[in-house]
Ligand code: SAM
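Only one chain is shown below, in structure tokens, and it's the form predicted on its own.
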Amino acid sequence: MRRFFGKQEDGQVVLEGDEFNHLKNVLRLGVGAEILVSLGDENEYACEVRALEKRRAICQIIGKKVCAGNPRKNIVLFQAITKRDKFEFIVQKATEIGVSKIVPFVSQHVIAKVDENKIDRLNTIAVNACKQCERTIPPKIENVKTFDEVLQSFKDFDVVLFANERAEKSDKAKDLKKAQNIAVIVGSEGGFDAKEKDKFTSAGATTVSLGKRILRAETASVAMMSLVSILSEN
């Protein structure tokens, strides 16, 4: 069945905006069609379309089950801002891999910007990725943070890892099965400078090597998230 994001009103499920347009005008589904709807919780709801109004579809819940695709761990990606196309790619893949939150931030070598309009687009990308990978709760995408704000947030995590192309092999990954709250930090196209790396480690982060080859920012991000998700059994 096709997947949508909706909301509940008076005991019924309502699809509006892009979701309604996709159902009615793109897929051309009508009254009686059965669909799966995400309502922002851990469940996925089987619904039947009962009515098509001018700007919304009214559906009735006919079944529900816990969604197996939602993350088991709280993995937060702190991603230094990259160019737009790369950041959109990272958001899509972070959603598929199972990240709970994405925090864009500014570091020394960042040259791109993320404004509120771009955040809205990133949220749309995350929602669409949720449909593809069958999760019902999209990752939260926060407004841009400063480097110091990222450092201050380390206290909220059991493990903090950052990708360092010059790091030696780290054994910290062995702790990931027991960790519930995990932070992953990846740099922009220019990476982090030496002072930033020192600040990370002084604040409690552990460096992680992704091998002897130098990776692009978006490749490093996907590699880090995949490594952490697998080793933490997310």
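Throughout, we count residues from 1 along the sequence that is shown. Because the structure is predicted, anything quoted here is derived from the model rather than measured.
What comes next is about the form predicted in complex with this ligand, which is not displayed.
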- Partner contact check in the predicted complex: of 39-47, 179-187, 57-65, 23-31, the stretch with a heavy atom within 4.5 Å of this ligand is 179-187
- Evaluate S202 for contact with this ligand in the predicted complex, applying a 4.5 angstroms cut-off between non-hydrogen atoms, and reply yes or no. no
- Item | Exercise: L210 in contact with this ligand in the predicted complex, heavy atom 4.5 Å | yes
- Item | 4.5 angstroms heavy atom contact with this ligand in the predicted complex for A220 | yes
- Item | this ligand contact at A126 in the predicted complex, heavy atom, 4.5 Å | no
- Message: For this ligand, considered in the predicted complex: do all three of N164, G191 and I214 come within 4.5 Å of it, counting heavy atoms only?
- Response: yes
- Message: Pick out the residues of 65-102 whose heavy atoms come within 4.5 Å of this ligand in the predicted complex.
- Response: none
